[in-house]
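What follows is a single chain, given as structure tokens, in the form predicted on its own.
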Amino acid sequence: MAKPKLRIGLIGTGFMGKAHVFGFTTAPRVFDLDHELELRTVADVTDDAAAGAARRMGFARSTADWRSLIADPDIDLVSITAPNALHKGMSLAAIAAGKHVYCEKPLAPQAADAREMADAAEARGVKTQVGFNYVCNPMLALARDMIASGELGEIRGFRGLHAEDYMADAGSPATFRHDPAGGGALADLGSHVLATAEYLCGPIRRVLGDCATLIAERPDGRGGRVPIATDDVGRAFLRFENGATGSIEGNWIAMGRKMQHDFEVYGSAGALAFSQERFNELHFYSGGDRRGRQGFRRIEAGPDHAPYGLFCVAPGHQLGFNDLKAIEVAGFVQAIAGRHPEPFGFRAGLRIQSLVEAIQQSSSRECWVDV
């Protein structure tokens, strides 16, 4: 029997648009999904750009009007990778049209907007997904299992960092990421490490934030300059509901760093260390090892760490960034099929935006803020 089709419309064809397409094309070839995925229509800012993207990416149709894409009855799922400030309007339109929505993070400029989006999706009965694919890594699932099983003992501390350098050049023009309505390093990068912190250690209860703008103005791309109000670095101390403490940092001017999503978790009986720069490895320290034999030991990703084995039968051959996107897509598609709850729906995206706002409020007030 033929599988039902899930016809996809993509809005935006930049870095994350391509990543979504990788996910949509790879997932059905790796996972036994309940739906056949069809790349139906792609939308971009001009007809020429959209048509070119359709040829490169394999979409049947193209348009410069994202509203017509959403209104098309032949579209079942709308994938949104447009600038952050546009996420809300596009998502609400897609939800109103009865489409499932896969939106990149940050979900919306404000937590109130994200709440409106989550409420609308739940009221309409459509499924949603926010793009936090780093938590789809089998090594993070292993870390969470080790924490939950008590291998680290009582969890006492978490340190997380997401650092890149794509905004380190003060001469580079301002972009949509500098728009106060959805911009800043904390929202753009710190949101990833906040998602990781709660994925591993549970809910964060209180935050003490410090958000700093180090490059006060940038070229506007038209010969002038514009002031910058968004943060280049966002940091926070954390207190978790389980009593653990921690810290996070989102930094997009970290010269030399291209993809540093790192964390360490400390317990009473052991510790874990991870770096996205070598994200097929997890390092484990056991306090039970005898003196003279203690140290972090490397656990290398392999078929024992599902779903790695669906991609490759041999350990140590490694997954890549786009493989994590395929895992994310597969989880979402199976949620649409009713196999399990949404892996990271709009309600979860609202939670992360609420944490970001609490840290921003704490920074401006210079005090602890309850989440």
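These numbers come from a predicted model, not from an experiment. When you see a residue number, it is the position in the sequence shown, counting from 1.
The same protein has a further form, the form predicted together with another copy of the chain, not shown here; the description that follows concerns it.
Open item on the list: Heavy atoms within 4.5 Å of another copy of the chain in the model of the complex: which stretch in 134-142, 172-180, 114-122, 83-91 meets that?
Closed with: The contacting stretch is 134-142.
Open item on the list: Is another copy of the chain in the model of the complex close enough to His35, Ile75 and His340 that every residue in that trio has a heavy atom within 4.5 angstroms of it?
Closed with: No, because His35, Ile75 and His340 lack any heavy atom that approaches another copy of the chain to within 4.5 Å in the model of the complex.
Open item on the list: Looking at Ala185, Val193, Ala108, Ala236 here, can you tell me which has any non-hydrogen atom within 4.5 angstroms of another copy of the chain in the model of the complex?
Closed with: In short, Ala236.
TODO: Spell out, yes or no, whether the shortest heavy atom distance between Ala348 and another copy of the chain in the model of the complex is within 4.5 Å.
DONE: No, Ala348 is distant from the partner.
TODO: Would you check, heavy atoms only and a 4.5 Å threshold, whether Gln276 touches another copy of the chain in the model of the complex?
DONE: Answer yes; at least one heavy atom of Gln276 falls within 4.5 Å of another copy of the chain in the model of the complex.
Open item on the list: Since only the chain is shown here, I'm wondering whether Glu328 would be in contact with another copy of the chain in the model of the complex (any heavy atom pair within 4.5 Å).
Closed with: Judged by the heavy-atom cut-off of 4.5 Å, Glu328 is well away from another copy of the chain in the model of the complex.
- [ ] Evaluate Pro203 for contact with another copy of the chain in the model of the complex, applying a 4.5 angstroms cut-off between non-hydrogen atoms, and reply yes or no.
- [x] Result no; Pro203 lies far from another copy of the chain in the model of the complex.
Task: Residues in 293-319 close to another copy of the chain in the model of the complex, defined by a heavy atom within 4.5 Å, in order - done: If the 4.5 Å heavy-atom criterion is applied to another copy of the chain in the model of the complex, 293-319 yields Arg293, Gln294, Gly295, Phe296, Arg297, Arg298, Ile299, Glu300, Asp304, His305, Leu310, Phe311, Cys312, Val313, Ala314, Pro315, Gly316, His317, Gln318, Leu319.
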